[in-house]
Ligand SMILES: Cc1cc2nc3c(=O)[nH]c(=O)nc-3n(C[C@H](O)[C@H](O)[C@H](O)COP(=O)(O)OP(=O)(O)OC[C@H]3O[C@@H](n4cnc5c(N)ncnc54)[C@H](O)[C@@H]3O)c2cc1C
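Just the one chain here, laid out as structure tokens, in the form predicted on its own.
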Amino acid sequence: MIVPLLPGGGDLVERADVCVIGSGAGGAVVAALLAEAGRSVVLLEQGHHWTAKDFTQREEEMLPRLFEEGGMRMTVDGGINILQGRNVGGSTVHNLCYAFRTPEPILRLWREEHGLPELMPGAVEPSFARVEAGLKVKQIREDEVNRMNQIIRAGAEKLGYSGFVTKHNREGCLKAGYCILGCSYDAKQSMLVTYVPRADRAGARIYANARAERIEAEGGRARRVLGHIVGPGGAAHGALEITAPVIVLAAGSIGSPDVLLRSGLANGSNQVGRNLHLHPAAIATGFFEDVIDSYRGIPQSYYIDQFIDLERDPRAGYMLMPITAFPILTAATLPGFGEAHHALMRDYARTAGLLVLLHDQSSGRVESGGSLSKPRITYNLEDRDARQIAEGLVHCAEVLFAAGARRVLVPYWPEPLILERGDDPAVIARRGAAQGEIVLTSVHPQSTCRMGGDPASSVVNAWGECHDVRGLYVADMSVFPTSLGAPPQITTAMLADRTAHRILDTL
């Protein structure tokens, strides 16, 4: 049973073999596997337990329900918006279901430069297979490619750019298109409808509205989790205390380092919270003659990989991905005021978006802020990465024009760049993509508790266990040693599967 803890309900005091903090792509996997193996598991989620019946398909209702800070989490300079889930199921509830395995050149980089020989292809294959089966990963069919993705595919193919229709984790999809606001039909195979119910059926005690704030250790070993029951606005009410010899922290690449820093744990190498990668993304919007209604159908099914070659260089490159947003988020990201802004929004139904997703070498840092609800996040987009984003936007404009767009907008601030058919997109490269001068978004924060063989330069070992604290594991995107260079859902779940099996071997 998943128990929503409500204000006024008293304190929560429990004991378990394992306490898991966070119910997203990492935490839900660990909780389910350990509970199914007969272990006593408590799973804590600071967000609420929303289900399909609560997914109203209305932005003004779902953004505050599903996202940290209502979808407005930002770096301290306001230059990058970071979207993260805050609910049972974590960010898998709002993600767009790309299902990519970790690219082998990235695994090789992690093995060779970060001291992780355990991540050999044969060693990780069983975990990949298990999570793909658990999430019902499958190839997107041609008849499931919506009009926006078809248009972008046509533009890419006209230019000779490499791309392909991807895999996803949906089952019985009705192609309504509201994926980012939560699936009202339980077709998206998020953790909310896969691993969390598995954990529940196996006897895990799952508590929503339960915010872990501090982890305590005794004698160099994990001992207990302390925190509070929280209301919808994040206000603390009753206290919680979970005693367990194994604690798995899976609060995401912002939340996990924040908890560790507040706990004074696992930071012997001074690496906790450092090395933040964001996969920052910038969007070009094409305006077409015909109505597209780009939000209808599966939002992302096509993927342009022409500009990333990880085999040649595992540290650089970018992907181009179709993207759409609903009216509120679109209005918030489009530049301009008054009549100028209205003129852009008037053509909303005729737009198609194409984003540059950067495999970034730039890095940032997470530090504890005034509260766990608002950590301090800094990030410095280096010149080389800014040039790559600008170069990617040039190619976005080329694809959109090749697909039939009559004009393309690049959301510089405060003066947007609008290109008409026949204009030279190279003007984007000359203008650049400096942080703070163009709208940048991140949905893949990672690497703030990175994995590695050397305790002097990493936080956890190859199995996710903290070098400094026995029995304390991290199982989310924060353990990635570098930027992943691909959508992260399957990599996160794969590494969590390995962590869960390691815990079973050692308990």
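For every residue, the number given is its place in the sequence shown, counted from 1. Keep in mind that this is a model prediction, so the values were computed, not measured.
The same protein also exists as the form predicted together with the named molecule; that form is not shown, yet it is the one meant from here on.
Asker: At 4.5 Å between heavy atoms, only one of the stretches 412-420, 85-93, 286-294, 427-435 reaches the named molecule in the model of the complex; which one is it?
Answerer: Contact criterion met by 85-93 only.
Asker: Although the partner isn't part of this model, could you tell me whether L44 comes within 4.5 Å of the named molecule in the model of the complex, counting any heavy atom of the residue?
Answerer: It does: once the named molecule is placed as it appears in the model of the complex, L44 has a heavy atom within 4.5 Å of it.
Asker: Would you check, heavy atoms only and a 4.5 Å threshold, whether G392 touches the named molecule in the model of the complex?
Answerer: No, G392 is distant from the partner.
Asker: Using a 4.5 Å heavy atom cut-off, state whether R450 contacts the named molecule in the model of the complex.
Answerer: Residue-level check for R450: no, no contact with the named molecule.
Asker: Closest heavy atom of M477 to the named molecule in the model of the complex, within 4.5 Å or not?
Answerer: So M477 counts as contacting the named molecule.
Asker: Flag this candidate site as yes only if C97, A251 and T492 all have a heavy atom within 4.5 Å of the named molecule in the model of the complex; otherwise mark no.
Answerer: Yes, each of C97, A251 and T492 comes within 4.5 Å of the named molecule in the model of the complex.
Asker: Which pick from A325, A204, V259, A352 sits with a heavy atom within 4.5 Å of the named molecule in the model of the complex?
Answerer: The option sitting close enough to the partner is V259.
Asker: Considering non-hydrogen atoms and a 4.5 Å limit, which listed residue (T102, Q271, Q300, Q388) is close to the named molecule in the model of the complex?
Answerer: None of the other options qualify; the answer is Q300.
Asker: Heavy atom within 4.5 Å of the named molecule in the model of the complex: which residues of 193-218 qualify?
Answerer: Contacts from 193-218: A210, R211, A212.
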